[in-house]
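This document starts with one chain, in the form predicted alone, laid out as structure tokens.
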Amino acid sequence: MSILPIVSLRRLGRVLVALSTLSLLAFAPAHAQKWDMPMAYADSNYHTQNGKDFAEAIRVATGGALEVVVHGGGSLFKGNEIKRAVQTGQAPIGERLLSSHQNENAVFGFDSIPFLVSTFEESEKLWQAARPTIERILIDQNLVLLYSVPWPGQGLYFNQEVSSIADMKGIKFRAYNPATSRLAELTGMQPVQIEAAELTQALSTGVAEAFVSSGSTGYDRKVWEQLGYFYEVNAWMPRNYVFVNKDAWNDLDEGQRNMVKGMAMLAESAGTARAHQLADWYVTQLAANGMKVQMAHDDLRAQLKEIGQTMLDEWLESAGEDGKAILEAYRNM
């Protein structure tokens, strides 16, 4: 994998504002607005760092007229509370794992179907196919989509060696969305709903013994202190997304909204480049800290792909015409 240059939102934001200083002066209000932005992941995580760069770019690009303050690690609202908080205006803006909302609309789970995508290029195509539908659904929920950034490919973490699905039976498996719960059921594991901020404690106390996630989560949570095995499967590439309360969005003037949209485009590009750059590095760090890192056995991969087809069929049935349209658009790209 080639290493992509890191895109700096701060630098790009300053360039943009330097080119448009006169116009900014025209729509800067007398009093600055402040938006608190809850995020579920730790401050060290690249999603949260990207969110902070996005916030700084907005401050610069709006000449200080809009200040976004990031609260990482679920410190303002827990992960499963963030979307509701933004919908109801308790927070004007927030970030959440897109597929965590699959229970309210199956379409939100488009990015968590095993082996539908396994590369960043495929992930981007799937996102472009799904984005118009996601935007429409969010508008109906009093939300405006700003940007989305993928996670690296998902691998399997275990406290024991696993070579087939038979080896997984009865293992307590951390679930973070409906797809991971269903994966646990289809492999004979016991799903346990656990937010990212609670993962370390859950592993330490034996509440969870395994999970599926990217190398990023394993590195951030130092899971080598509890688990010994990581299997690379690139099962899927879920996405986080940043959204804003529609009323708060409409309270901005047109110039401010355009600036935020511009910074959101940059944030999506910068975050995606960072995910691409870090994907292999995270895995090497797991190995460097003592985990046994290896590709999943051929038998296990074949069994997981069969489960992926089952989950795709189930998703298409539950997502209806919207799901079929997304899949068709993706396959025609």
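For every residue, the number given is its place in the sequence shown, counted from 1. All of these numbers come straight from a predicted model, not from anything done at the bench.
Beyond what is shown, the protein has a form predicted in complex with a small molecule; the following relates to that form.
Checking 226-234, 129-137, 209-217, 80-88 against the small molecule in the model of the complex, the stretch whose residues place heavy atoms within 4.5 Å of it is 209-217. Proximity to the small molecule in the model of the complex, defined as a heavy atom within 4.5 Å, holds among Phe173, Tyr176, Phe108, Phe243 only for Tyr176. Only one of the listed residues (Leu183, Ile93, Leu97, Met263) places a non-hydrogen atom within 4.5 angstroms of the small molecule in the model of the complex, and that residue is Leu97. Highlighted residues Tyr41, Ala196 and Pro238: every one comes within 4.5 Å of the small molecule in the model of the complex, counting any heavy atom. In the model of the complex, no heavy atom of Phe120 sits within 4.5 Å of the small molecule.
Proximity of Phe158 to the small molecule in the model of the complex falls outside the 4.5 Å heavy atom cutoff.
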